[in-house]
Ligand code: G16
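Let's start with one chain on its own, the form predicted on its own, as structure tokens.
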């Protein structure tokens, strides 16, 4: 193999966020940008010599070109073997499974998740560690440190072979195995769920609409739901991955999954609706005319997980990200299991899962998963729901209503203010943070503030400390307000405002969500002066 060393210099701004490095696709296509970061992944994790990696992505624009570069660089850096999804396709949960199943040294996943794709869209790259989960901060910090001192990268002259054909080829001494991206993932799902019960559900006339949003889960959902489980052909829509996601935004929420919402609100709606995002790790769940919030979904899955074979015993515990509603806390208390509150970012669940402290995990941003891998998993959540419905007998709307009668309802919503100038966003958060100590005992929008803090996480496993993870304001009536800046955007800053109001078992569970949250919304505006800082009278996206 002929390879060469290319002289380079640090490129500003290559700091990985909660889900790796995300930038506009045009930025990744700049000379040396991708190469610098990939070299720093290898250098920041002890080098690639003799190692095996999983490699794939969600099929967005630039995916195949990036995979060719990474294969050549891995070979030049001494990697022994690469496991690559056919056509460069691997969902994030499937990649996590492969890392764990074949005990590789990690994986490189190419995706910007739910961000739009295409030549003018977004691109992303992240490193998953040997446990299958997103690299923890000590690894991403090491990678970032390398980006600030890099002087050269290594790349093979020989281009990769045909990744569209299942089989093997070599680049120098590095063996590249191109595999079916669905096989190993489907085998895992068959071990977790009662496929016979789900098949019988479909055979009995149960109908589903799964919107793959022109993204990576199309092949997975088509194979498993239609071919294996027997859902009627056409149950999976927008099933072919597209470099620009069909011109859409692959974010599974009622705003962007409008086609699914229209189907589920029609007179002839299927019994169950679901969607997944760009890289397959998020999910949206619907019943006939009813959206199930991710927070409620986590609570319900925790309450009924025992109906699936893999979770028939007692759950070790459950974990949720701090901004996620407290609905699952009530279920955990009822079950007598621990409930952990972590910062946003799936990597924070990894220690709990590895230590056997948690079985199910979830985030309000449509991510749900379990100890079967170390990533959130959109299709897994759909299959667990189907397993529950097949065994319980109630439809999803009745199941949710009964749950609220048993536990009460946590009205919940997230308001996103996107692409705010970074200085304005930081001024908003900084100003509110400076006043936190003075807020308890004061009144706003007719509510009394009980506590106010900036969330700090003390990891119970490795005892690490993670600070400034979001401002929390709790009110004496049980309502809650959370504000934080997101790390998943590629331009400016995104302010996320999380609003929660609890109504007990005897209260009204059928209110309009935004109407029910009106006092908390008013409190957020008054406390943070959102309109003045952002220049906007309402959020860009409300979910």
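Numbering follows the first chain given and starts at 1. Since we're looking at a predicted model, the values are computed, not measured.
Beyond what is shown, the protein has a form predicted together with this ligand; the following relates to that form.
Trainee: Would you mind picking the one in 140, 387, 344, 238 that has a heavy atom within 4.5 Å of this ligand in the predicted bound form?
Mentor: So the residue touching this ligand in the predicted bound form, by this definition, is 344.
Trainee: Name the single residue among 498, 62, 37, 475 that comes within 4.5 Å of this ligand in the predicted bound form, judging by heavy atoms.
Mentor: In short, 498.
Trainee: Check, residue by residue, if 101, 306 and 377 all come within 4.5 Å of this ligand in the predicted bound form, counting heavy atoms only.
Mentor: Contact check failed for every one of 101, 306 and 377.
Trainee: With heavy atoms only and a cut-off of 4.5 Å, decide whether residue 484 touches this ligand in the predicted bound form.
Mentor: Close contact exists here: in the predicted bound form, residue 484 approaches this ligand to within 4.5 Å, heavy atoms only.
Trainee: Mark residue 296 yes when one of its heavy atoms lies within 4.5 Å of a heavy atom of this ligand in the predicted bound form, and no otherwise.
Mentor: No, residue 296 sits far enough from this ligand in the predicted bound form that none of its heavy atoms falls within 4.5 Å.
Trainee: So, residue 365 and this ligand: in the predicted bound form, are they within 4.5 Å at any heavy atom pair?
Mentor: Yes, contact at 4.5 Å.
Trainee: Should residue 22 be counted as a contact of this ligand in the predicted bound form, where contact means heavy atoms within 4.5 Å?
Mentor: The answer is yes: residue 22 has a heavy atom within 4.5 Å of this ligand.
Trainee: Can you tell me which of 151 to 159, 222 to 230, 178 to 186, 278 to 286 lies within 4.5 Å of this ligand in the predicted bound form, counting heavy atoms only?
Mentor: Stretch 278 to 286 is the one.
Trainee: Along 102 to 137, which positions have a non-hydrogen atom within 4.5 Å of this ligand in the predicted bound form?
Mentor: Heavy-atom contacts to this ligand in the predicted bound form: 113, 114.
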